[in-house]
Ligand code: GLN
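Okay, here we've got a single chain as structure tokens, the form predicted alone, with questions on binding and movement later.
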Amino acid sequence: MPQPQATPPKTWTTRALLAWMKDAFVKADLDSPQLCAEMLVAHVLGCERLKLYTEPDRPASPLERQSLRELTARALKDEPVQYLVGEGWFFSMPFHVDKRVLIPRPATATIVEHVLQHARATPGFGRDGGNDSKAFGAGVLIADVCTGSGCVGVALAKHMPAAHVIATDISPDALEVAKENAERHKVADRMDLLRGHMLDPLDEHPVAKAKGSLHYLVSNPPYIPDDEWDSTDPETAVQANVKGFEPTIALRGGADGLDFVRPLLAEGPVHLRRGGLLLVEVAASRANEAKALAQANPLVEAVTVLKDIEGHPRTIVARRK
């Protein structure tokens, strides 16, 4: 096994492998180097990450070491670890991911958290189940536009056991991944996966085609503006592992990053019932512009911008009048 240290360990144990890989990832300036190392080692050993620490002195076989050498080399060339292992975590849930879909990110969890908080606090939007957790979300209809891996829609369906989700995407490949994740988390019977551009599939849905039927309309659309996509400034440039590997169709949002955000804010509220929420993730650099667009729509009120886990303005929230 190659090593960044002057003296390699006599035996490549799990502990030694994690230390070697973390050091390599730190030097390469990869995000979350410890997590990346854990994901790769657990993948090759075929175990849960927790077991890496309950059996730290387990020696690796020559085949395991060779596999880790190869995967580490690919990760050091910016290939996302989530694609290498075929899995990413979102809202404490594992999701299958590959090059057909974006990798779920913690920033997007803001949408799920806000919907769940609102539903618990608002009669008619999920709270009416009382103390029966299985009834949480009874009668609630949610649309997840640009669903990708399905992480937002699946997480909402999982945490609102009686809600129904309509998930849309223009990519048939993405919908295949979303279907796999819905089945994995046993919510496929409460999710309708529809192919089409943006809001168009809602007009074909037997329930959602009636305007004012949705309790929540959520979306993480493509929103990277051209100036950030083309930037070479380390502060604003799109990371190499994103730009080089994740699907461009799910990333780029046009010159100002609002090509897909704009129609969601303009036309999305029509589909919401009174008091329903529209939540759209946007580029932090365009949050103020997106907020102004939402405020200009006479159908909504109480427009706010939620910050993500890193404190960046990320999600536009508007309530249907």
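Please read all numbers here as calculations on a predicted model, not as lab measurements. One-based numbering along the sequence shown.
What follows is about the form predicted together with ligand GLN, which we do not show.
*Asks:* Heavy atoms within 4.5 Å of ligand GLN in the predicted bound form: which of the stretches 247-255, 174-182, 198-206, 114-122 has them?
*Replies:* So the stretch in question is 247-255.
*Asks:* So which of L193, L71, V242, A162 reaches within 4.5 angstroms of ligand GLN in the predicted bound form, heavy atom to heavy atom?
*Replies:* The residue in contact is V242.
*Asks:* Taking 4.5 Å between heavy atoms as the contact cutoff, choose which of A109, I224, L141, A188 touches ligand GLN in the predicted bound form.
*Replies:* Contact residue from the list: I224.
*Asks:* Is S149 one of the residues lying within 4.5 Å of ligand GLN in the predicted bound form, judged by heavy atom distances?
*Replies:* Because no heavy atom of S149 falls inside 4.5 Å of ligand GLN in the predicted bound form, the answer is no.
*Asks:* Is T168 near ligand GLN? Define near as a heavy atom within 4.5 Å, in the predicted bound form.
*Replies:* Heavy-atom contact with ligand GLN at 4.5 Å: absent for T168.
*Asks:* Are any of the heavy atoms in R105 no more than 4.5 Å from a heavy atom of ligand GLN in the predicted bound form?
*Replies:* Contact with ligand GLN, yes.
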